[in-house]
Ligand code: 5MM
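Just the one chain here, laid out as structure tokens, in the form predicted alone.
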Amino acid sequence: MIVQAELAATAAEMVAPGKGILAADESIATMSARLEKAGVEPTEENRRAYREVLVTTPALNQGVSGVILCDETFRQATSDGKPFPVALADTGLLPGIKVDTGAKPLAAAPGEKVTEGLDGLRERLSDYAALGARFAKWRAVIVIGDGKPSGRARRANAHALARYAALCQEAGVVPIVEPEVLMDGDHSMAACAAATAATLHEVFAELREAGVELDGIVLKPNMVVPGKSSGEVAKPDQVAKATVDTLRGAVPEEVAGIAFLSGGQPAEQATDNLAAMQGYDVPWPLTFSFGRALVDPALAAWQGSPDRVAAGQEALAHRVNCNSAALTGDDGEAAARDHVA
């Protein structure tokens, strides 16, 4: 049985200095759509091959602590026959698994959603742990606009996140707790800050009620940014201050670390915002758990061709280097350019 000290050690490893978490856990439907958009046939084999391009990138473990996969990939193998969790562990990367089954409409809350997947989760977590999972992820989706988010939506999602996190720790798996306040909409940066703070307060109240040990979790929140269609422009120093101020008021000091989602921000913007936060004195490591902001350039470079595997891996390595440099407080983009040169 995994003891709490081991969970805390794994959580600390996930947010180790200079490293972040690679999110490669898109659902079959989402991944297939992205492959099609890139001109790649959306087959099971091509989804597997694409994830292999990512996880076999040379020296990936220099800037990435772990990789989140979906169920399909977690049960597949690389071309040399190694199950993906084994291939990750063999290269010094922590294997992670997405365990929710998606956000579905919340009853009596038009336009809002609650994430499902608690049924049978104890047994699934036991199975994933036996396959090599060291951590898991569950994403809640919170929307802003027209009286949203409602207290009902915040409570429903916070309660589900807490039940998930407690089951993870029971199984010896570190939970990534991801309450994402979406960028979609014309709301202001101040509205994002208010919704994020209210959501985090609800989440941590539920986590405590569920008996979750906070030094054995990693929080994956959104950055505080204006809505995509608001017309408001926020510079990195403004995003950093608003985000850190919000976190200071809502996140307990015991939390092992904070790994931001990119939330659909342009890759360079997410990196610059992350870099701007590093100068603040906070009780937790502030790192990244990016998906699209890391892997989209790799997919565009790979194009489904075996002859372009190296190009895809170079694109991923560049984005990882940018974000790893950002964690030192450097200009991530400039530092990575210097590294390549």
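Quick caveat: nothing in here was measured; it's all calculated off a predicted structure. Start at 1 with the first residue shown and count on from there.
Keep in mind that the form predicted in complex with the named molecule is not shown, yet the notes after this line are about it.
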Subject >> Triplet 18, 61 and 134 all within 4.5 Å of the named molecule in the predicted bound form via a heavy atom >> reply: no
Subject >> Interface segment, criterion being heavy atoms within 4.5 Å of the named molecule in the predicted bound form, picked from 290-298, 309-317, 37-45, 274-282 >> reply: 290-298
Original post:
Looking at 149, 185, 172, 263, which has any heavy atom no more than 4.5 Å from the named molecule in the predicted bound form?
Top reply: 263
Subject >> residue 26, heavy atom within 4.5 angstroms of the named molecule in the predicted bound form >> reply: yes
Original post:
Contact between residue 30 and the named molecule in the predicted bound form at 4.5 Å, heavy atoms?
Top reply: yes
Subject >> Proximity of residue 180 to the named molecule in the predicted bound form, heavy atoms at 4.5 Å >> reply: yes
Original post:
Is the gap between residue 154 and the named molecule in the predicted bound form 4.5 Å or less for some heavy atom pair?
Top reply: no
Original post:
Going through 216-235 from first to last, which residues have a non-hydrogen atom within 4.5 Å of the named molecule in the predicted bound form?
Top reply: 220
